[in-house]
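This document opens with one chain alone, in structure tokens, the form predicted alone.
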Amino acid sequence: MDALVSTEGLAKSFAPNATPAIQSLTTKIKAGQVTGLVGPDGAGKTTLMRLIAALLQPSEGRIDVQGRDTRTEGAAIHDEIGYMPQRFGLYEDLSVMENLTLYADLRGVVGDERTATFEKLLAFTDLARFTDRLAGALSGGMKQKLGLACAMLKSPKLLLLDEPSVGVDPISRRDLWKMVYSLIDQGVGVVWSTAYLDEAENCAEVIVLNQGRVLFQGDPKDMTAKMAGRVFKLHGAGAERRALLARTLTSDDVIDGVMQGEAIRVVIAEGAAAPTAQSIGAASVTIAPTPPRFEDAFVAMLGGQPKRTLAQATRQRSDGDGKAPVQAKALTRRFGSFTAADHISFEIARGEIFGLLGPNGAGKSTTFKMMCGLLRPTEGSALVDGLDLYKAPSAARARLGYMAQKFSLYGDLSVAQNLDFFAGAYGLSGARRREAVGRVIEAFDLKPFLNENSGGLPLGFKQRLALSCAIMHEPPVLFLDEPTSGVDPLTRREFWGFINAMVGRGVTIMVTTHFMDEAEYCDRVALIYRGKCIAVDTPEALQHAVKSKDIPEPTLEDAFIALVEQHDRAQQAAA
């Protein structure tokens, strides 16, 4: 295949004495395939995308795009490629058609060419029914489709997609990949940057970056194959599985470990002996090898999961009076004639992690906002520790912590000032305030950053700070809204290490997520679809429910899609 992009000795620095964002990069990106850009936060993925798009100039070396030098032929490159950045510039107060028209004007697509291109792209993205809808009213998946349509207006041979599936549900993500593969069949070369490592397995080649350097380039299957014989699943730990995971990770022989439903998945160091029930101190656990995934190889290549021994962030919780600390009772919310949430009910036990899943626009966020006290229900009630969020709002909110999807930190304040502000917001004062601030500084290892502005922190430390602010007042219940959306696997593992430790001390967690591997950390999940709760069970039970000849070993993502499709078929049959 011809190379659409070639780089030689490419380097990019943003300050004279700073560590280069890209270092000595020599590579080729081919036509007619998807090339994945993979790496932790700050690895240089977006910088490389912007260099390819001729939006940044190299500090050293050379980069050619379709035979053109980005230093001297940037305008021609802009005209020949499609680029969809992480935060694609849709105008939310304009309709779908008005956005397309604006971008067509900017790209010089006029006359009959415009008419034919719009017709083709609207059919391709299945947006023809929504041309009059404001972009701001589209679901996350539909916004990404519109962004893709705008990037494709000039029928480019090279398409750059910078984390296009962040915050997109599995069904929309699957649709997005189908669209991309249809472009590949037309000879388009696609560069897809991602934080979701299961997506890397969909790519013909991957470029693994870390600190601006290439660690691996080639077929992702070749990288995965290097982990053969080093990945195991532990079954039978039951309610002790989180404690067992934490204990197992202290071993030098174990470089990675995650929850996977009722099981624990561990990766051992190269040359280490296979784990046994005796070596991990759990006689009742069964251990079996399991096929490696690309994510296992990725984490191993980066040196394994961060291992930290941090102080306890919260006190041990008792079982209380035995009542469920979180209850949704026939929660209903209508917006005019539209019912976004329709008589949704569930209970969450103390010390349980409960996940809310659902496609974009299904009512999941509406339900979550009602449970947090951010949106008043039309009917029904939301209770926290037995208190109705709308009859006793102050007392109920004092018993919950809330971490928003977009970290609600004050970027121009230092870490210490943010902690002090949130302590005051929760009504802490005097010795109790000083004790609370000191506790979270120690628990989340924030002392080295106290005088730094929070807006400049690495993403992992922003997460720590946001979580520390949410639990400052030691709430028995914690609500997390898409807590690791777009976050790399190492940062995600560190975050869930904090959460698992809190659950071990009796804190109750409710989390929304689009990331199915993350949903497997949950004890139970509820699937919200078209305003209704269509399934509530453990992740493994939902997977088992959709097992078939076609899907003998379903993932949770397979279960998500299958249950939604089953519901649609049942509704059509009843109509």
Partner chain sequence: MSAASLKSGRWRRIRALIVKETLQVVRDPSSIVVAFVLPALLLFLFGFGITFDATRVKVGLVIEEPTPESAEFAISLSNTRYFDVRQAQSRLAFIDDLAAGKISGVIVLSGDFAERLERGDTAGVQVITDGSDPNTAGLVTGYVQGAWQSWQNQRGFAKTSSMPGQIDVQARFWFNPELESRRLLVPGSISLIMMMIGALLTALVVSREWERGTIEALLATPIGTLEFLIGKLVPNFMLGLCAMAVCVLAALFVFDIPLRGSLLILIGFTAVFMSVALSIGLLISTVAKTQFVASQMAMLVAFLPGLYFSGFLFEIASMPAPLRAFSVIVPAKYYVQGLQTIFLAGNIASVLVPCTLILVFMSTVLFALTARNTRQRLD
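In this text, rigid core is short for the largest set of C-alphas that superpose within 1.5 Å between two forms. Numbering follows the first chain given and starts at 1. Here the structure is a predicted model, which means the values were calculated and not measured.
If you look for the form predicted together with the partner chain, you will not find it shown, but the lines that follow are about it.
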**Item:** Option touching the partner chain, based on a heavy atom within 4.5 Å in the predicted bound form, out of 347, 253, 474, 98
**Value:** 98
**Prompt:** Of the residues 301, 153, 122, 90, which one places a heavy atom within 4.5 Å of the partner chain in the predicted bound form?
**Reply:** 90
**Fill in**
TL;DR on 30-38, 508-516, 533-541, 65-73: the one with heavy atoms within 4.5 Å of the partner chain in the predicted bound form is 65-73
**Message:** My question is simply whether residue 54 lines the interface with the partner chain in the predicted bound form - judged by any non-hydrogen atom within 4.5 Å.
**Reply:** yes
**Message:** Does any part of residue 379 reach within 4.5 Å of the partner chain in the predicted bound form? Heavy atoms only, please.
**Reply:** no
**Prompt:** Taking the shortest heavy atom distance, is residue 102 within 4.5 Å of the partner chain in the predicted bound form?
**Reply:** yes
**Prompt:** Would residue 79 sit within 4.5 Å of the partner chain in the predicted bound form, counting heavy atoms only?
**Reply:** yes
**Contact check for 12, 107 and 134 against the partner chain in the predicted bound form, heavy atom at 4.5 Å** = yes
**Prompt:** Taking the rigid core as reference, does residue 192 move its C-alpha 2 Å or further between this form and the one not shown?
**Reply:** no
**Prompt:** Core aligned, does the CA of residue 102 move at least 2 Å between this form and the one not shown?
**Reply:** yes
**Message:** Does residue 152 shift between this form and the one not shown by 2 angstroms or more at the C-alpha, the core having been superposed?
**Reply:** yes
